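Taking the form predicted alone, here's one chain by itself in C-alpha cells.
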Amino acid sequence: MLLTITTTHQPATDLGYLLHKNPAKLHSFELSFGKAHVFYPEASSNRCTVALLLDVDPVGLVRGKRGQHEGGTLDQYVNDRPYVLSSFLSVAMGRAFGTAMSGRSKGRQELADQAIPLTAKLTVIGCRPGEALIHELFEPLGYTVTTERHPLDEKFPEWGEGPYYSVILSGMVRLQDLLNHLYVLVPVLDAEKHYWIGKDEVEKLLRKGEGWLALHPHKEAIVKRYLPRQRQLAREALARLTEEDNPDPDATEQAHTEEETRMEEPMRLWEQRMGAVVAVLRSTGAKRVLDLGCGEGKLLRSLLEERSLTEIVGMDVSYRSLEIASQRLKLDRMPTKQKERLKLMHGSLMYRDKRLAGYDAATVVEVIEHLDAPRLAAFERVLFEAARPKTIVVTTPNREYNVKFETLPAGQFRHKDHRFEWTREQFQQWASQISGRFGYSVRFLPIGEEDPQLGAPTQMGVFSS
C-alpha cells in the first residue's frame, strides 16, 4: 500500500520541512494493523518525492478478535487490504503527517501557507462505482486527475476489468489541503472502513473537511460513503455542513467595498485598474464583454463609455450589489440604445452557466482572492473550460506591495474577506498552470506605481486563446 507526493517547487527539499520528516532518514511507525514507513525515493533541489508505505498484517487484523470462529474464514486472511489504499491510509497519515495536516511548519510557515505544485500518486485504490467517482471527488478541488484501471488478472483477460485503479492527482495546492483531501476521500472511494464508526467520526470528518467539504458539489455522497450505514450520523454531518456553508454575500460585498475604499483611496487604485482593464479590452477589439463579480458596477460604468462595445454583461452572486449597480448606473433612466447594450445578471462563478458562453472577453477584477481553494477550482473550470471567452483579464492584489500601506498591520491581508493574497511569483505560477491546462497563453501587466523591489500594488494577467 503506497502513496507518493512529489513537488518541483524549489528548493524541493523544503518538502521535508513541511512534513517534519528529514529526507535523509527512514521514519517508521508501529500501528495496530501493521507498520508505516516514510522515506524519500528522490530528494534534490529541483524535485523531491516522499513515500508513505503501509505494511498491513491481514492475519493480525483478525487475530484475537471476539466472535471469530476457530480458524476464521478464508476471506479474513486472503483479501486486498494489504495492497489497496483505504481507511488504513488515513490512520497512517494522521500518525506520520499530523502536524503537516494542521498547516503548521516551524521552519517554513510561509511555504506551508502557499499553494505549490504537488503530484500525488495512489498506487492502487478500490472504487467499485467506477472511475467517474474518482473524477467527481477530486476535480472540483482543482486537481488534474489521471486514472488507470487494472484487470482482475493479467493472465486471464477474459475475467474482465477489476474495481482497482492507479490514480495521479496534480495541481497547485497547499500541502495541508492535499493531505486532508486524501484523508477524507480515499476512504470514500473504498467505502470499507476497518474500524467502528461512532460519533467521533463526524467530528473528524468536519475537522478534516473544514474550508472545502461544505462547498463540494458532491458533499452528500462524500458524507454518506464516509459514514456508511450510519444514516443518523450522516444527517447530523450534513446539517452542520449546511450551517457552515451559509455566507451572507451582501454583507461580504459591503465589507469588501468599504475596506477597499479605505485602503486604496490615496492612490486612486480602482481608477487605475479600470483604465488598465479597458485599455486591454480596447486592444483586443472585443465587442461582447462579461464583467464577472461586477459588484456595484464601477467597471461597468467605464465599459459603457467604450462605444466599440456592443454588449456588456455584469454578473454577481449578490442581489443587493446588482440593485446598487442598477441605481448608480441609473439604469431606469438610461437612454434606450445605451440600455440595450447593458445587462445585469444574477449568478454564481461556481456553476457552469450557458448564459456565459460565446463572449469575446471576460473581466475578473479583484475577485479570485475572495475564493477559497474549492471555489477557485470550480471557478477555473466554469470560466476557462465551459464559458471559454477569447480573452480573460484577471486582476488581484500583489502581496509583496502590502508593506507600503501604512494602515495595514504586518502580515494581514488588505481586508478580512480575502482568502489569500499572492506574490507575483505565485500569481504567475497559477496563471501559467491555468493557461497550459486550458489552452490559453498569458501575459502579465503591472497596475499602479511600481516599486523597484516590491512591484506594483495590483497584478494583472491577460489570457488569450
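Sequential numbering from 1, following the sequence displayed. Fair warning: this is a prediction, and the values are worked out from it, not measured in the lab.
The same protein also has a form predicted in complex with S-adenosyl-L-homocysteine (SAH), omitted here; what follows describes it.
Residues placing heavy atoms within 4.5 Å of S-adenosyl-L-homocysteine (SAH) in the predicted complex fall in a single listed stretch, namely 343 to 351, out of 343 to 351, 383 to 391, 125 to 133, 304 to 312. S-adenosyl-L-homocysteine (SAH) is not shown here, but in the predicted complex it comes within 4.5 Å of a heavy atom of Ser321.
Contact check for Asp190: no non-hydrogen atom falls within 4.5 Å of S-adenosyl-L-homocysteine (SAH) in the predicted complex. Residue contact with S-adenosyl-L-homocysteine (SAH) in the predicted complex: Cys294 places a heavy atom within 4.5 Å of it.
By the criterion of a heavy atom within 4.5 Å, Glu366 is counted among the residues contacting S-adenosyl-L-homocysteine (SAH) in the predicted complex.
The partner is absent here; in the predicted complex, the one residue of Ala221, Val317, Met334, Ala234 having a heavy atom within 4.5 Å of S-adenosyl-L-homocysteine (SAH) is Val317. Of the candidates Leu111, Leu371, Val280, Val91, Leu371 is the one whose heavy atoms come within 4.5 Å of S-adenosyl-L-homocysteine (SAH) in the predicted complex; the others do not. The pair Tyr226 and Arg375 approaches in the predicted complex: their C-alpha atoms are at least 3 Å nearer to each other than in the form depicted. Relative to the shown form, the Cα atoms of Gly103 and His418 move apart by 3 Å or more in the predicted complex.
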